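What follows is a single chain, given as structure tokens, in the form predicted on its own.
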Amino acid sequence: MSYDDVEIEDMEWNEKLQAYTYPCPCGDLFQITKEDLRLGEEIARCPSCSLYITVIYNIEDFLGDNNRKKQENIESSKQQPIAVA
């Protein structure tokens, strides 16, 4: 069970760590990278203690343009009408 559920908007981008961070009660920071988010990971862990939080976010906000285009192409190809002779 996670310590808390936190919206990604409430987290802070840390350039040095290259990760989104959120204060942990132990004094350190929960951390999660953009790559973790792209992969669908939603758990940000604290490197100093055993606590973790669940990050609430929209995965589409973290997909790159190539992945987004691939997903759109797959969805549009599913909607193509098929002529039967």
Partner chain sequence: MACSLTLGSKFSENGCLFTCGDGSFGQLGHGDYNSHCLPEKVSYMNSRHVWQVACGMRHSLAIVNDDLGCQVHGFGSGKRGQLGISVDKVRSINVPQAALGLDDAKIVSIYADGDHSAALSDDGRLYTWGRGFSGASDIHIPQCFNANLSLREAALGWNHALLLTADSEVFVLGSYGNGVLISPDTNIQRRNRSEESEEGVISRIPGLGSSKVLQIAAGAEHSALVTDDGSILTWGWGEHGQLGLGDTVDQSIPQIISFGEEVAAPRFLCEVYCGSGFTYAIRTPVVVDSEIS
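Numbering follows the first chain given and starts at 1. Quantities reported herein were computed from a predicted structural model and do not represent experimental measurements.
What comes next is about the form predicted in complex with its partner chain, which does not appear here.
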- 4.5 Å heavy atom contact, Cys24 and its partner chain in the model of the complex: yes
Give a yes/no on whether Glu9 approaches its partner chain to within 4.5 Å in the model of the complex, heavy atoms considered. yes
Is Ser50 close enough to touch its partner chain in the model of the complex, meaning at least one heavy atom pair within 4.5 Å?
yes
